[in-house]
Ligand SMILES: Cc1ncc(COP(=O)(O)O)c(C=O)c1O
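The chain below stands alone and is given as structure tokens, in the form predicted on its own.
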């Protein structure tokens, strides 16, 4: 009798064998198992929202219910329902002063499929892709596309964002630059001047390439958190500052973060129409469409600016409360001589904190905080960083202020005991 070894990976493709699963989801799974056992944990791991803390907009929920009741349950068009694509066109005009044709808009089941489709439509095997480290999943998408990673290790000195001067020496034979602002994982926001400088760099490089008949350089501009900025920080787009850069920019956007709607799966991209057409065809084979009822509802909701503004006033106030509690708590510990510091909140739902525990790897620090303080965080290693420098992402969308304060007390006690 022949015994079949179902664990033998030799039957898998080279792509599957070489793929690294999501490090963030691995940590989140561990925390979920612990909380199911009844342990008290301040869970700052996954970039998600607890409906207990952050509900989706009431009006959007109502519109989804109405769309379902009206029978909007069949397949949507492969590029998205027309009403939503039109709504995105109007939303871009109102938000950024950018006029785009409807043919440039593609709707999908959240931002992830659109990021994948961007890589698949732009990057050939062997093409160089420039992106900062830490950043969300660019290392994995570059691998899936067969691209060559060109990583820029960013630090607090540049606000955890790449600068035009860092990018400039690397673009000569690159195919795509990937920027996310506000940034996952660091919660920082790119300045107006830096956005303009990077946009102009792309224009200048492509003018040089066209004179030589070379393939263009593209810019993937992931702005899924753009509506969530704090204080004096503001989000800018390349095309509004350097209009000519729109020819080579692929915007990634959606409702997941801005409306605490991660499970509704409605995202959109805005790109040159010929690129959008190929992204549509790629996702058409994958079937990564947003549900029709949600599309119909979002199309109506994007036109309700008063409802959106009112929702964001509450949401941003509550997010900043949580992020400020974390930041101020760590800064007080730092002033008291404990080995920790944090970057003041700027945008998204994240705080960057550094635990300066000499002789400990980030994984050891993560386990120490979890085991001794019930404080669950994600190391920057989950975002491609290799250096063991004690930096972590803290996500504030699924915890209450009381949970944060209790967690900080436990962290202080754990650090004082070291």
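If you're wondering where the values come from, they're calculated on a predicted model, not measured in any experiment. Residue numbers count along the first chain shown, from 1.
Absent from the display: the form predicted together with the named molecule. The rest refers to it.
Candidate from 160, 218, 301, 225 lying within 4.5 Å of the named molecule in the predicted complex - any heavy atom
Looking at 160, 218, 301, 225 one by one, just 225 meets the 4.5 Å heavy-atom criterion.
Give me the residue from 257, 85, 128, 327 that has a heavy atom within 4.5 Å of the named molecule in the predicted complex.
Answer to the contact question: 257.
Tell me which stretch of 106-114, 77-85, 148-156, 191-199 has a heavy atom within 4.5 angstroms of the named molecule in the predicted complex.
It is the stretch 106-114.
Proximity of residue 229 to the named molecule in the predicted complex, heavy atoms at 4.5 Å:
Residue-level check for residue 229: no, no contact with the named molecule.
With the partner left out of view, is residue 184 within 4.5 angstroms of the named molecule in the predicted complex by any non-hydrogen atom?
Yes - in the predicted complex, heavy atoms of residue 184 and the named molecule come within 4.5 Å of each other.
If you check in the predicted complex, is residue 180 within 4.5 Å of the named molecule, heavy atoms only?
Because a heavy atom of residue 180 falls inside 4.5 Å of the named molecule in the predicted complex, the answer is yes.
Report whether the minimum heavy atom distance between residue 175 and the named molecule in the predicted complex is within 4.5 Å.
Looking in the predicted complex, residue contacts with the named molecule do not include residue 175, since no heavy atom lies within 4.5 Å.
Relative to the named molecule in the predicted complex, which residues of 120-141 have a heavy atom no more than 4.5 Å away?
Sequence-ordered list has one entry, 136.
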